[in-house]
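In the block that follows, a single chain appears as structure tokens, in the form predicted alone.
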Amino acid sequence: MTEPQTVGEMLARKGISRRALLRYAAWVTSIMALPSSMTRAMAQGIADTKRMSVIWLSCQECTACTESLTRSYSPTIDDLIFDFISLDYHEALQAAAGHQAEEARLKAMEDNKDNYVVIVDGSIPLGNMGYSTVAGHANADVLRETAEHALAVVAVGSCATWGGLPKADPNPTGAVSVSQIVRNTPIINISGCPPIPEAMTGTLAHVLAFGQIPELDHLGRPRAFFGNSIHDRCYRRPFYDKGLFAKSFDDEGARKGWCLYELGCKGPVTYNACATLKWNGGASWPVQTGHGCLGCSEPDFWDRGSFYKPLPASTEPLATPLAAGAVAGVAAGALASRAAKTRREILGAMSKPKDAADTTDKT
């Protein structure tokens, strides 16, 4: 039997129908704020392309970004690695070790020159490059070499995007971000400690389908995931607009779900999709559990003051009229529910066995 050459052929062999692929494409286009008319283009782009070579470099990190990726709900880590991409190098996930692992990285670079993606997890030490090395080579040198002929570099997590905890004062390792090392290759920043898994997989799906990076904000982050503040989408926003704030984590207001602004929530100055995509398949997110946002997707969040100290008055957002606040809260809740339902439908469709796959769509 001839080996499948494209993602579409590979999915067909697994019994995944075109309709299931369209559903997945519809979900990705929706979370990335693309017009619905792009759904078929994305599905066709994914189906027609070959699996994208991905090289994952681990620098000064804690493995939380990899842990987050393995909890992606759609596509799952299995779907991502075995169907959509070719994860040719990842120290924590690959079977090869030692010189064989390094040979895999070099071969992937050679075979896919100018057409592979580098994912970087962790900050890069410059104060003493020996603090973090792989196969005797400093992180900075490996990153420069690997990124030179890459299609794009994706910095995942706040350590890679901003320097993160290793860079926190007094920064003993001289940690820097990816953007301070890579100069001539496009960079996509997906910040967070760790980042939302669907932000990573959705961005990769966009690059795979269209061969280009998505629209980015002023900090180089995909605007689809970082275009709104936590405060804008928070279901507690109506309480903020009413002036109802929890005064402690165990008072009556906290039990009633009132706004956590006075307990140090950084939602008004933090941009991320936590309130809509949530975590663990849309199950929950920090504010929903009763803890204020730490602002982990913003630069230098470790050094920006106490996590439990309210924001300075100068950064406090203007309260909107009550009605507008209520509408925003309801809309955010409806969007989250719709997204969770769509994810469940997609997962169910893409997990059908071949003899049960939906083949009714002939377009």
Partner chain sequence: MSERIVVDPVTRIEGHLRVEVNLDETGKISDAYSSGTSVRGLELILKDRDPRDAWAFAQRICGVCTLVHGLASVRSVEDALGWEIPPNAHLIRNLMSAAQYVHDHVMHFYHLHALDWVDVVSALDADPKATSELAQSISTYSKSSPGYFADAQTRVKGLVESGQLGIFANAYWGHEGYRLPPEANLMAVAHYLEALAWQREVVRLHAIFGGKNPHPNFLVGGCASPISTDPSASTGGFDGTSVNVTTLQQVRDVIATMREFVERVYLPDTLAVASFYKDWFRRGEGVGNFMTYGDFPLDSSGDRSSWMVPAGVVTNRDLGSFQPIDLNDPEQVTENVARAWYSYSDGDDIGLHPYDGQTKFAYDGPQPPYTHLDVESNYSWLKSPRWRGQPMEVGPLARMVTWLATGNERATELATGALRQLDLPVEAIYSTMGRTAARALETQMFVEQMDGWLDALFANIAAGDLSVHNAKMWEPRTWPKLAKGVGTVEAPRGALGHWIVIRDGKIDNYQAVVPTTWNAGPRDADGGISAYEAALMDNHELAERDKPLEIIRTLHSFDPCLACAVHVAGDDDTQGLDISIK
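This is a predicted model, so every value here is computed, not measured. Positions refer to the first chain, counted from 1.
The same protein has a further form, the form predicted in complex with the partner chain, not shown here; the description that follows concerns it.
Legend entry - Contacting member of Gln180, Asn115, Gln212, Ser284, with respect to the partner chain in the predicted complex [4.5 Å, heavy atom]: The residue in contact is Ser284.
Inset, instruction - Indicate whether Ala152 is a 4.5 Å heavy atom neighbour of the partner chain in the predicted complex. - result: Although the partner chain is absent here, Ala152 would stay clear of it in the predicted complex, with no heavy atoms inside 4.5 Å.
Legend entry - Glu145: touches the partner chain in the predicted complex, heavy atom cutoff 4.5 angstroms: No, Glu145 is distant from the partner.
Inset, instruction - Verify the contact flag for Met129: yes if a non-hydrogen atom of it lies within 4.5 Å of a non-hydrogen atom of the partner chain in the predicted complex, no if not. - result: Close contact exists here: in the predicted complex, Met129 approaches the partner chain to within 4.5 Å, heavy atoms only.
Legend entry - Partner proximity in the predicted complex: Thr201 to the partner chain, non-hydrogen atom cutoff 4.5 Å: Result no; Thr201 lies far from the partner chain in the predicted complex.
Legend entry - Residues within stretch 180-209 having a non-hydrogen atom within 4.5 Å of the partner chain in the predicted complex: In sequence order, Cys193, Pro194 come within 4.5 Å of the partner.
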